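Coming up is one lone chain in structure tokens, specifically the form predicted on its own.
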């Protein structure tokens, strides 16, 4: 089933995102952890690389801080400007690595802060981020749909797509190909 394949590919992209290594700074001494047979020291002041999912757990427990800067509304606005400026598939620029996942995390973090702080500026920032993200998705979806009409354009575009977009393009192409073949008489 094409839909199930798309769900699987999107889930794989999400798992890949959570397994990617990230750098964190330990801010509180804790007992060492063992992960996949490797001992991880948790001494205040050291910087270590761990999978993203473990970093999130250590951060939520107040043991570590992320070293990498998270995506910001300015980062999303830059991608928004670039995406909306592209008029053809050739002009479309690749998204920053993990853009969709980082944007989702950014919006989720804003929602968490809004619940705690009840700050109208945060609510406005969240709405702006959502608007930018929807417009980026709509624009890039339009380019993906246009590329389905030309194999040359698809090949040119594929290197510029995020994994989530590549999964959609692949699923749409295979679904349309199956549909076309079902409408034509069998060839000998």
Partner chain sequence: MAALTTGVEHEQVIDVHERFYEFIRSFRDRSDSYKYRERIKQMITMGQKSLIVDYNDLYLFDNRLARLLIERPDEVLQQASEVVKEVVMTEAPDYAETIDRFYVRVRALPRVVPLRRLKSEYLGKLVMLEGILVRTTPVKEKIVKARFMHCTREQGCHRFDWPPEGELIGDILERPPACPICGSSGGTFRLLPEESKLIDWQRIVLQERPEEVPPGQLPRSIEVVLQDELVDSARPGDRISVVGIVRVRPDSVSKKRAVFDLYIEANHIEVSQKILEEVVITREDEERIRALARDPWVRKRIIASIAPAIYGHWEIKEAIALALFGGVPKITEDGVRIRGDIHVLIVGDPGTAKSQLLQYAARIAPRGIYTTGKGATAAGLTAAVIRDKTTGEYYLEAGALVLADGGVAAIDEIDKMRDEDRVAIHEAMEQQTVSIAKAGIVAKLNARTTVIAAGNPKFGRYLTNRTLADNINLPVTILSRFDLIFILKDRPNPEEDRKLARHVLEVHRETERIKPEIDPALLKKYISYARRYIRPRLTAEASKLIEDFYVEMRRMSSENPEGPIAITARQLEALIRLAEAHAKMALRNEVTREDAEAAIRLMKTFLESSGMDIESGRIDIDVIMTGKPRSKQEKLTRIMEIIEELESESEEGCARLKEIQRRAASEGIESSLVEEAIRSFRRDGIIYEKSLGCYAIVR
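This is a predicted model, so every value here is computed, not measured. Numbering follows the first chain given and starts at 1.
The following text describes the form predicted in complex with the partner chain, which does not appear among the structures shown.
Could you tell me if all three of 51, 53 and 115 have a heavy atom no more than 4.5 Å from the partner chain in the model of the complex?
Result no, not one residue of the spot touches the partner chain.
Can you say which of 158 to 166, 145 to 153, 30 to 38, 124 to 132 gets within 4.5 Å of the partner chain in the model of the complex, counting heavy atoms only?
Only one stretch qualifies here: 124 to 132.
Residue-level question: is residue 108 within 4.5 Å of the partner chain in the model of the complex, judged on heavy atoms?
Residue-level check for residue 108: no, no contact with the partner chain.
4.5 Å heavy atom contact, residue 174 and the partner chain in the model of the complex:
Because no heavy atom of residue 174 falls inside 4.5 Å of the partner chain in the model of the complex, the answer is no.
Contact with the partner chain in the model of the complex for residue 23, defined as at least one heavy atom pair within 4.5 Å: yes or no?
Looking in the model of the complex, residue contacts with the partner chain include residue 23, since a heavy atom lies within 4.5 Å.
Under a 4.5 Å heavy atom criterion, is residue 103 part of the interface with the partner chain in the model of the complex?
Residue 103: no contact with the partner chain in the model of the complex.
Where, within 74 to 104, is there a heavy atom within 4.5 Å of the partner chain in the model of the complex? Residue list please.
Heavy-atom contacts to the partner chain in the model of the complex: 74, 77, 78, 80, 81, 82, 84, 85, 87, 93.
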